[in-house]
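Encoded as structure tokens, the following chain is the form predicted alone, with no partner shown.
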């Protein structure tokens, strides 16, 4: 971790800073943090005392102490979420001047002297979706008349040979369609060291100094041109700000699960993020995409350290974004959420299993932050972000431990065959133990669901938003169904996250595969394989609880129902037909559906057109290597891009390491022609594709040699290509 310190006043020379920004005094910012967390702690303290009082009424024990400790931790997390909802609601209703979009008159800030790179790191992604998202953003930026200030970079880390060539082919088509030669660039790394953060760092080392800012996209990101321009204007108007994170809205969901998540994101997120901004202010966070970053300080201070020790905690930091924001703050650069800036979008998983797979990737990265948490020099705000990120996953095993401990206490009581001799409550003297427990349960439920209710109330007060969601009645009905679904989904998340945490602690690695963002991907057989343990746990646990204490069973029934119904829940909510049916009924409607922005409409139109043309159909295996060898234009471009890498000493060195002696490459190439691509492992195909002389030679040979000397696979490929 860099220990060099720099004051924002030493930032690289830029234009006149422009309007003076409005800053809250440090003391007032500290008071916000104190007030926010005091409320959360106070609520936790009161309810925890009530819970301790309840436990005390039937006698104390070690297991009760454990139960109380678990309750305090879990309820504190619930309280923090509740406070985000309450504070966010108040700010949304009564206004908040302490937000980056309220500082200065940034919209009149000129950006003529700026340069911004929009980077899209990808890894074996859905290639058409990536490029159509870029097309929509590019067209939107062109409409602002500020396009010349921006360049696009597709930064590929793909390891699939077919994806690699398809990325190049789609890049060519996009540049040709938009007339964007020299404006949209494509680069593929020869290795994917450091994964996404390494990919971004590689870009910065090669091209970063040409750009004052860069905006990081995900493969499914989409932003309006006006939003991008406003982000640059905000950075220009606030020269001490190093990073501004937008709050992407989920869009383009097709399945029922995707639509429920999308609706929840659009309805609840504004309130939660406003509450988050209340205490973070200029010590915000970075979520890895749809954010603008000041290039120079990021290059200087945000180089990620290698954590000491072995995996799963040691080595590269997998969840880089939180740490990069913390490093930026550490060096006195400010990080803000532009939470009320519209026009920033992303897409989400379309099924429960895909969502869990995404969580699996994030879980190890967040747990790694335990080693970063106490790094010297970090701001307290960063430590809070890191801690909340860690407990985002640790809360699941803690919740499971809470319920198991409760069952153990009940089992001990039944096995002891002793009667409860309750004493009067210290606080709530008139209540019997059952009413006492129900009161605590009700408070917990209120703390959980109050933010959702406040989000609906806030929507009801905003006529324009209310209409955009389809009306208050349908919003309320959607929120009720969403809450029921979340109740069933939460126990599955608990089991999944618990499994992830345990396997990671046991040193089992994480597969950082590409995310499946499509709908209709869950079959009954696949769901049964993924959920068999969840159902078995529910059956065994439910049976034991019924035999132990039928009265307790009903308290557990919502949790057990979610596990028991996992298979139908997973399959049916992954269906786009049910998603469309819900939309026809007016459920889970979002503003982007009732009034689609031009960018989203263009993206959908283009994807529908490609689908109608069959361009989205799965391509045959090894189609990429066939295209790269047979197509003269694509072969020439592919070879040119490879030769261009020789101009970069780092890439040239990597190519030298990757290449084998000419005789060995010749043997591989001959094998490819004589036996077809199926005879070669993926690593050899990648090696051939990365060697410019061999690719040129292959192109000549496949067209010059007699057909009978080529593999049948090549003969068929040539016939298809000739048609």
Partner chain sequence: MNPTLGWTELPGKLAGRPLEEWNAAYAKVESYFNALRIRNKVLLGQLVALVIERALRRAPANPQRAASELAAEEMDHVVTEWFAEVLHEPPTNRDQMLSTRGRLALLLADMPGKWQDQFLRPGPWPDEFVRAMRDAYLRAGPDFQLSQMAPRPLHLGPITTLSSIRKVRYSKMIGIWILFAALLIALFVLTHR
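Values in this document were obtained by computation on a predicted structure and should not be read as measured data. Positions refer to the first chain, counted from 1.
There is another form of this protein, the form predicted in complex with the partner chain, and it is not shown here; the text below is about that form.
Participant: What I'd like checked is whether 108, 179 and 613 together line the partner chain in the model of the complex, meaning each has a non-hydrogen atom within 4.5 Å of it.
Facilitator: No, the whole trio is out of contact, none within 4.5 Å by any heavy atom.
Participant: Quick one: which of 402-410, 475-483, 643-651, 237-245 gets within 4.5 Å of the partner chain in the model of the complex, going by heavy atoms?
Facilitator: Heavy-atom contact with the partner occurs in 643-651.
Participant: Closest heavy atom of residue 205 to the partner chain in the model of the complex, within 4.5 Å or not?
Facilitator: Taking the distances in the model of the complex, the answer for residue 205 is yes, it comes within 4.5 Å of the partner chain.
Participant: Look up in the model of the complex whether residue 201 has a non-hydrogen atom within 4.5 angstroms of the partner chain, and give yes or no.
Facilitator: Residue-level check for residue 201: yes, a contact with the partner chain.
Participant: Just to confirm, residue 639 within 4.5 Å of the partner chain in the model of the complex by heavy atoms?
Facilitator: Taking the distances in the model of the complex, the answer for residue 639 is yes, it comes within 4.5 Å of the partner chain.
Participant: Given that the partner is absent here, does residue 696 sit within 4.5 Å of the partner chain in the model of the complex, heavy atoms only?
Facilitator: Yes - in the model of the complex, heavy atoms of residue 696 and the partner chain come within 4.5 Å of each other.
Participant: Using a 4.5 Å heavy atom cut-off, which residue among 367, 264, 372, 600 comes into contact with the partner chain in the model of the complex?
Facilitator: So the residue touching the partner chain in the model of the complex, by this definition, is 372.
Participant: Of 336, 279, 272, 211, which residue is found within 4.5 angstroms of the partner chain in the model of the complex when only non-hydrogen atoms are counted?
Facilitator: In short, 211.
Participant: Quick one: which residues from 672-710 get a non-hydrogen atom within 4.5 Å of the partner chain in the model of the complex?
Facilitator: If the 4.5 Å heavy-atom criterion is applied to the partner chain in the model of the complex, 672-710 yields 696, 699, 700, 702, 703, 704, 705, 706, 707, 710.
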